[in-house]
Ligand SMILES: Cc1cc2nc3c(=O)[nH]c(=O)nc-3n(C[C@H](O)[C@H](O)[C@H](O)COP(=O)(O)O)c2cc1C
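Have a look below at one chain only, the form predicted alone, in structure tokens format.
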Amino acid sequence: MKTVLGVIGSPRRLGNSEIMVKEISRQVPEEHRLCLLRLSDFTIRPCRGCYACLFNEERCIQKDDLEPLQKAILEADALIMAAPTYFLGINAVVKQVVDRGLAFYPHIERLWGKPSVGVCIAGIPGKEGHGLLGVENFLRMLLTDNKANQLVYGALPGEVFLNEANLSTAAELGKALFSPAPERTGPRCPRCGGDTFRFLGGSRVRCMLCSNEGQIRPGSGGPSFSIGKSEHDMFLSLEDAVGHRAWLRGMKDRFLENKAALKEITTGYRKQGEWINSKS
């Protein structure tokens, strides 16, 4: 029997994120076991940028809860993820996990192709900010096969299902999890399917999901995007992900080669300013 991991990006018990994940699970046609985790139940410290997880037995040196969280993700056959919008962006605990993504790179081959669906929940229509992009980023950075993502609205616990259309959304996501990805409509990045762009001037744009650059072109049916492939993609293919891992591991040699020059630059700033901390 398949194991589906429900990732709850909200600290609220039986809130909209939790019941949305459970409703999506009810709509998955394949028999499965639903396991749940709430990201806020795990102590996840900020990444220290030391790169030790890429070398030292492929484990982060920090003593927190990343390892059991990582184990649950690696052992699951598929992921359902839901998270709320806080102040026009995704709940910070979701980004905290993404920031520790270096520790997942030793396990690329186990993560690659794991199906996933995601939901962003906002309390006020039109005030979701970049919350949905945060959900997409979480599932892409875990190298999953992200089948579909949706934005829904609901503030009070349970309010998300006062709107029956959201039950239909949950049903669509449940059916999509182990099926071929549904066609994504509307203007999208032809590389990753993202629909969030930064306008760089003129007709130049950058996809905010895969970070590739290209052009926007007007058309009778709406705008279209021509996005090129960069020399350093991170998740568009397994080859890209493995190549990015090799690049990351190469940082150690680059540091050693330039250690003296880098130290000379940084030490010039050592004594500048006055530090404020929690004990000040």
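Just count from 1 along the sequence shown to find any residue number. Remember, predicted model here, so these are calculated numbers, not experimental data.
Just so it is clear, the following notes concern the form predicted together with the ligand, a form of the same protein that is not shown.
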| item | value |
| --- | --- |
| Residues Ser25, Gly118 and Ala171 all lining the ligand in the predicted complex, heavy atom within 4.5 Å | no |
| Proximity of Val97 to the ligand in the predicted complex, heavy atoms at 4.5 Å | no |
| Proximity of Phe197 to the ligand in the predicted complex, heavy atoms at 4.5 Å | no |
| The ligand contact in the predicted complex: Tyr105, any heavy atom under 4.5 Å | no |
| Proximity of Ile124 to the ligand in the predicted complex, heavy atoms at 4.5 Å | yes |
| Option from 200-208, 181-189, 106-114, 81-89 whose residues, in the predicted complex, bring a heavy atom within 4.5 Å of the ligand | 81-89 |
| Within 4.5 Å of the ligand in the predicted complex: residues from 149-164 (heavy atom criterion) | Gly154, Ala155 |
